[in-house]
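Take a look at this one chain, the form predicted alone, written out in structure tokens.
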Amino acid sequence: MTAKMPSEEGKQNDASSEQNENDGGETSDLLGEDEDDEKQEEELSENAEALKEELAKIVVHPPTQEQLPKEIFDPAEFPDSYKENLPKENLVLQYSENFRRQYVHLYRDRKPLFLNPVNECGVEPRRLLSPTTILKRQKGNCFEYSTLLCSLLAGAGYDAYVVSGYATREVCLADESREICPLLKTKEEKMEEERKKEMKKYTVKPPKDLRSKFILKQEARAKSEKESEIAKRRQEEEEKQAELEKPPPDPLHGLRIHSWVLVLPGKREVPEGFFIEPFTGLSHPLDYESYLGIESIWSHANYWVNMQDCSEGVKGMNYDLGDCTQWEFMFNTDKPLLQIPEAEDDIIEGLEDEDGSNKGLRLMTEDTIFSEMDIQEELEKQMDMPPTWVEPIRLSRKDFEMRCPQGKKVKLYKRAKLEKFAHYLMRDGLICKLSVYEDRELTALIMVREYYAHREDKLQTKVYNHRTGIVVEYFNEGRMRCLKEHQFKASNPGPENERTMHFFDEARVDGLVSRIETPTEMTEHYKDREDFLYYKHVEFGKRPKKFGPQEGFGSNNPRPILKMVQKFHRNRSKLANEDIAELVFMCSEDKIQITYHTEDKRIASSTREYIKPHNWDEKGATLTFSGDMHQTFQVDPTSQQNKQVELYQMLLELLKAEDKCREQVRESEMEVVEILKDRTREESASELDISVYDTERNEKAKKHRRELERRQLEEKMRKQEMEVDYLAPFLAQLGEPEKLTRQQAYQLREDCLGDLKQRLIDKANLIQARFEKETQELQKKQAWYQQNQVSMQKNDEEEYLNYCSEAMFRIHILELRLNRHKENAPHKYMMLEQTLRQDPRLAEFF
């Protein structure tokens, strides 16, 4: 069997030999092709080498992660409390370390607690800077912001705590680009329910509604279906838009650590607890969905660990810190603890006998007393927290007014950008600027709203709509001409263009409420006027073209008035047929139309029309009037007709009213021009209103204060120069001795007192001499008057009486001065004597 069966090797050898025999003829044919392939391979290898050399020039370096330089503080800048721990602080650290070990042993699957970070100087009080350092640096993380905010709230009396937990990506990164700007949120208007009027017994019943109830029901149903369809469509669009604007999924959702502030009720009349986001300063309810969980909270008194389930975020959490089943505390707290029944209580309840006696309970009384004593001892052993090691938080007035670093802050919202500036930082008084865009990329600008403060022109808000090109300015009260709101087109800001002005009518004498102007019309509305005018409308024509240089706006080139309309409220002191409701001056047609008020029992009004005489505009001319120049319609045909003289007098009054109305229109035009000039000047050089009590910013007050200080200094120097040594002339007589003898001192004293005495006597003699001279001149004048009294005229008598009055006045004054001098002279003498005794050069001798 084995000989008959060929081996596999034999079969392969046979096959190979046969193959060689078959391929023998083909080998010679393929030799030429192999040589060509070798040449091609040599050429490709050369090209590959060249390519390799080119690629070798390109060098790729892997990116290196740059680590931010760690901020280093100089320990010399901080007090010793920042660098060293007190014994009680070390004891607190031991408590916290013991608490941490127990927590890690019991809850191995939870994150480590944020218990003892280091401060600026590397001392345990990872790293937590003190609130004072955060105020100086004006930057920090969420934990440092929360600590600072909680410190301020606790100092103000609030029950505030720092929270360590988890939040969404937008909250952790302070990303408000998907939130609506607070300035764009509309206030929800409360819909007041219409109260049905109570039908009294004797009230007139309303007429019956004769409309078909079926048709009304069908109309109401169709209207409700249409409204529901519109609401459904709007809701679908909002849902679709919300789905498009939904943020991408966060791979770290639920793992981002964040810190915020919790304020519990009870203090400062806080009705219910709430959260405060430290990055934005906004308050949120306790079930805020962006907060995903809480690990722990702490305050200046204790530390609590959350033992509740946070699978649904912070919804439904209990914030009773005295409940030790929900919150595990580190130190004994002053919060009222929730008493939990233990197994011993159940045993005591089971010790009652069937007959109701408490024998077993009496056996446990002694142990219960001892347990209460132990609890009392534990309460007495409560640990007092050490005093704070942080310097007091001091916020200067300048920092408080700046509000943020360098006084500027930019916040991005959903299709809006909000820029905030500190007060008095911008020269034009800008404190807030809101830019609204059409897209989320903030490229297509729709509207810009600017808020101002402390402006002398009282500008409050300025809104510029980039779509319509309309600018609206809002002003506060106190402005000249009482402008409240100004609306115009930015492309045509000059006069005689489309604009609307609103005014504070209470502050204006004419009661003007608004003025609406176009190139051809002007409309004014009034309120609470004595003449009952409430509406005025003027139509203008085109200016006639004149040869020569073009004239600008003003009284030299006014627009021609075509028509003036005035409307009045009802004046109850007049009859309706005599009380004008509408007065129309057809200036282009030389007509005056009058429409009177309608009587209560009439449905039509009386009218009157005048045609003005041809010479009505000539000054001093006599006006001609005829019956065909007047037309009237009387609602009551039985009423008495006006006489021709009365109609003529009415025409004169109407012409005067037309002139007055025309003057008021020109005054309104000039007022618009003046307002626009004022606005141009105010925008080019805007000035801020600074209080006189703001000594830092008020340059005028500074200059005035410096001027007063300079004057006081000059006055002081002048007084010092004027102060002369009263002993100098007498010392000069003695030869300026360095040291006085007793004899010289007595001599100085006698000479000084004698000189003062002589001067006082000389002054008294001088006053006496003047008194006698005035008396003699008065006597001479009186003697002259006695001699010439008969021949004197009236003017001479008046001059004499005036002279006598003045002379008596001078004599009286001299008499008073002499008496006063006599009274003060002894006091001056005694004062000088006292001064000499106290003089250091003479004090040793007296």
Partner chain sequence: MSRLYDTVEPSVIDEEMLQKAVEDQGPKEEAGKIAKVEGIDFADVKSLRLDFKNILKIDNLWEFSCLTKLQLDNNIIEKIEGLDTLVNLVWLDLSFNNIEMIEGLDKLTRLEDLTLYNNRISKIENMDTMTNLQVFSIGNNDLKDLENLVYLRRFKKLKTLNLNGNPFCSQPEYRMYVIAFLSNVEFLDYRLIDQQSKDAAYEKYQIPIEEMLHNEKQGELKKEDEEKKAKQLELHRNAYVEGMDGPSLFDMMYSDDAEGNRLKEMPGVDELILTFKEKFVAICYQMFEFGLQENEKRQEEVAQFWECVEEAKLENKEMGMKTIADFMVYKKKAFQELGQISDSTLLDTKVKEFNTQVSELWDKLMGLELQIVDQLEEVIKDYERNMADMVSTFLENIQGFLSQCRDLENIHHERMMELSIVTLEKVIKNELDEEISEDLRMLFVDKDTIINAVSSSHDSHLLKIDNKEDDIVTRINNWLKTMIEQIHEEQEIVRNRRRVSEINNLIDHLRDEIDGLEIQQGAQY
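Here, rigid core means the biggest group of C-alpha atoms that superpose within 1.5 Å across both forms. Residue numbers count along the first chain shown, from 1. These numbers were taken from a predicted model, which means no experiment stands behind them.
From this point on, the text means the form predicted in complex with its partner chain, which you will not see here.
How about residue 693 - does it come within 4.5 Å of its partner chain in the model of the complex, if we only consider non-hydrogen atoms? Outside the cut-off, so no.
Residue 622, heavy atom within 4.5 angstroms of its partner chain in the model of the complex: Taking the distances in the model of the complex, the answer for residue 622 is yes, it comes within 4.5 Å of its partner chain.
So in the model of the complex, is its partner chain close enough to residue 739 to count as touching (4.5 Å, heavy atoms)? Residue 739: no, not in contact with its partner chain in the model of the complex.
In the model of the complex, does residue 202 come within 4.5 Å of its partner chain, counting heavy atoms only? Flag for residue 202 set to yes.
Find the only residue in 636, 707, 674, 755 having a heavy atom within 4.5 Å of its partner chain in the model of the complex. Contact with its partner chain in the model of the complex is made by 636 alone.
Can you pick the one in 329, 319, 275, 648 that has a heavy atom within 4.5 Å of its partner chain in the model of the complex? Of the candidates 329, 319, 275, 648, 648 is the one lying within 4.5 Å of its partner chain in the model of the complex.
Have a look at 622 to 630, 106 to 114, 225 to 233, 460 to 468 and name the one stretch with heavy atoms inside 4.5 Å of its partner chain in the model of the complex. Heavy atoms within 4.5 Å of its partner chain in the model of the complex occur in 622 to 630.
Is there a C-alpha shift of 2 Å or more at residue 318 between this form and the one not shown once the rigid core is superposed? Not so; residue 318 is displaced by less than 2 Å.
Aligning on the rigid core, do we see the C-alpha of residue 108 shift 2 angstroms or more between this form and the one not shown? No, the C-alpha position differs by under 2 Å between this form and the one not shown.
Look at residue 309 and decide if its Cα position differs by 2 Å or more between this form and the one not shown after superposing on the rigid core. No, the C-alpha moves less than 2 Å.
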